[in-house]
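Single chain ahead, by itself, as structure tokens, in the form predicted alone.
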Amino acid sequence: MKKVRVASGQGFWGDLLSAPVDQVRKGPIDYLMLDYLAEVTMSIMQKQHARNPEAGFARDFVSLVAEILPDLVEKNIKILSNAGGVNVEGCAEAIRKVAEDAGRKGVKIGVVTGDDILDRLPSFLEQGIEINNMDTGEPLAEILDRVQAANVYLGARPLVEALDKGAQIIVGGRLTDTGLTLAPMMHEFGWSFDNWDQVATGTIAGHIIECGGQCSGGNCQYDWQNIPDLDDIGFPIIEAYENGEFVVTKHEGTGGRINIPSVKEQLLYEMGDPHEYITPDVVADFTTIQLADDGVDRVRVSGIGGKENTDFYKVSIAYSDGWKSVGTLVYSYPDAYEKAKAADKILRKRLDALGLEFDVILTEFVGVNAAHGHLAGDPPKDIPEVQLRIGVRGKNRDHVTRFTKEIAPLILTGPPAVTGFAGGRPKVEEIMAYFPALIPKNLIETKVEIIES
């Protein structure tokens, strides 16, 4: 039976740099999927692109390809990535130049575009197309003048088209995490996009490995103390079969652990309704998943069902929503918690006396309740240290800036035994708010081009 190995090498922009290199060098794989994007990442890239038209994509991807290109060519490994961010053509050209500089002629690079609809938003509204916040119902028109990025979550179809055209390295923008794994299975096995069970199978395979090492021992709660060699963690690999089953595994001799609990933890990640996991390609039913132990670091997955996809794409819209800043101080024993609370009270009174206005002032006491809030209860009286972390957000940048000048004075005009103030005043940062929406699929046109080195 035909088998295809799809390896995860990247769970987010900034993930372990050695992981994709290890995936292509420590054992056999056919495809390497690299997921760089998250909602906030798109807005960051859009701001970079606005400052510099040549920026706006994950430059880490370019240096990675330069390092592993000989392996890709010699082993015929194909890469699928959404590293193009908001400048897909720029990223693809950078990859082409890497191949050219390395003397690698004929490397085919697939360029997938069509997800970026930022410039089309005014036209959509003029046509009477409703684009509303999925969470609040707020119409897009109310924040249109502050929008920084707008990207449709594209599925596996354009990726399959690029593979069918012979692409060895595919670069796209807001391609779904799951589509990066689904596409090789659709391409290799010749599955149909209206066989919902098969599409759901590839989608769930993609969901399991989309976060990289999170399903092979990283960030794993189950028996975490005994997970071996996380310093050399092996990222996950999908060993897929055309009958609709697949095995989650990793390269032999690498650290970490893959077992049923680790896979279950990842399956529950970002889970809403388990009967309806909606993607551009399919509505997958997670309640149909069957997991079985298949040996050391091997979990077999089968029985997956799915339903017809919807007529809408999800759109990730980021818009400017004011300013924020966060400052910290550390208070020491004795009475560390009481000192931190007193400092918070003093600071709030000073901000009020200055007439500063904020949408939110948020205080956390790290070491006491930053993770669990009121559920944490009171700490022991002899707690050795507590970090006061206080942040503000508001529409007035001058007010937020003045807040940053009120942290340091607490050192000599507040409670005693304080430390932890280094690096100067807190930074003032623009807030990028998230506006999720739906848009009819028939309004979106994807484009797939092939360029060669």
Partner chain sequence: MKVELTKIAHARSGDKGDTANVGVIAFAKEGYDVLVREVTQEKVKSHFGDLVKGDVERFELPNLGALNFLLHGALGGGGTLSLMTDAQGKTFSTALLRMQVEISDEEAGKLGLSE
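Just so it is clear, the structure is predicted and the values come from calculations on it, not from any experiment. Residue numbers count along the first chain shown, from 1.
The form predicted together with its partner chain exists for this protein as well; it is not shown, and the discussion that follows is about that form.
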Exercise. Quick check: do 266, 289 and 364 each get a heavy atom within 4.5 Å of its partner chain in the predicted complex?
Worked result: yes
Within 4.5 Å of its partner chain in the predicted complex, heavy atom basis, the matching stretch of 370-378, 347-355, 115-123, 143-151 is 370-378
- Query: Do residue 218 and its partner chain share at least one heavy atom pair within 4.5 Å in the predicted complex?
  - Reply: yes
Item to complete: Tell me, yes or no, whether residue 228 is in contact with its partner chain in the predicted complex, where a contact means a heavy atom of each within 4.5 Å.
Response: no
Touches its partner chain in the predicted complex: residue 392 (any heavy atom, 4.5 Å)
yes
### Query
Hey, in the predicted complex, does residue 241 get a heavy atom within 4.5 angstroms of its partner chain?
no
Heavy atom within 4.5 Å of its partner chain in the predicted complex, from candidates 139, 255, 166, 261, belongs to 261
Partner-free chain; cross-checking its partner chain in the predicted complex, the single residue of 128, 103, 272, 295 with a heavy atom within 4.5 Å is 272
In sequence order, the residues of 33-70 that place a heavy atom within 4.5 Å of its partner chain in the predicted complex are 40
